[in-house]
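Next up is one chain by itself, shown in structure tokens, the form predicted alone.
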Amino acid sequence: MSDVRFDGRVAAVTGGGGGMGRAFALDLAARGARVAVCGRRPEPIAETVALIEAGGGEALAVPCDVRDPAQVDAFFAACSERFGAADLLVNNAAGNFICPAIDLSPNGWNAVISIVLNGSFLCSRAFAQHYREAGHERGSIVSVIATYAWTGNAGTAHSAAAKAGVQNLMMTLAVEWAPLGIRCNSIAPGPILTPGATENLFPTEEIQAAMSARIPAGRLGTLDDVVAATRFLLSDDSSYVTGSTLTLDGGGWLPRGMFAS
């Protein structure tokens, strides 16, 4: 799929100021899409746009808190005004922290639910409204979740519940929006070597080696892994794929049976 192109397409990427979000935006722009990125802090998304423009692409940065319907609507309106209505969307914006459920405050719960689940719904809805108004006939949404949406994981009650909700949201929207030509899928990465995740979750080679030993593929994931999978789901190569979740964890969630070592 290295020859996939998105010429003439308009992509919106939430949480586009770094990590996976920036990687998605850069890849889409390098393959011909005009890209609108949003994030809560203006400086990181401006840096993403600068990188895209330095490579000859076209991009727009709009500060946006995906929890706020008015800001979400303004983001997609700005995209439509600059490039035309988006026909590709990556729901990447997220918030998370590790906390035992028994100690999780209502504010902490609400914050993660609002960003991950509510934000994915608000962005998907605004995307579809602008898409329909523009008369587009083919579109694709990819939402980023995680394998613990269905396996469970200590300390992630808020995030796991939110991401499980997003997974079902994509399945539901896949059914509702198929007549509009919009496909809706999810990716579920396992541990991925991004600057933020590496620094906060597995900062040493010893930790990384221990985590890799528990993964059948024997390694942690990379941004290239995640970008390639997302590119596939956004592209016409997956034109008959909707309502699905593509797991990107080297088989890490699988060895859970009674004979697992």
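Note that residue numbering follows the sequence shown and begins at 1. Because the structure is predicted, anything quoted here is derived from the model rather than measured.
There is another form of the same protein, the form predicted together with ligand HXC; it is not shown, and what comes next is about it.
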| item | value |
| --- | --- |
| Option touching ligand HXC, based on a heavy atom within 4.5 Å in the model of the complex, out of A134, A111, A161, A101 | A111 |
| The single option of Q129, Q71, T151, N96 touching ligand HXC in the model of the complex, heavy atom within 4.5 Å | N96 |
| Per-stretch contact check against ligand HXC in the model of the complex, the hit in 72-80, 140-148, 174-182, 119-127 (non-hydrogen atom, 4.5 angstroms) | 140-148 |
| Full three-residue contact with ligand HXC in the model of the complex, heavy atom 4.5 Å, for R31, P63 and R231 | no |
| Heavy atom of I115 within 4.5 Å of ligand HXC in the model of the complex | yes |
| Non-hydrogen atom contact R214 with ligand HXC in the model of the complex at 4.5 angstroms | no |
| Contact of R219 with ligand HXC in the model of the complex (heavy atom, 4.5 Å) | no |
| Touches ligand HXC in the model of the complex: L193 (any heavy atom, 4.5 Å) | no |
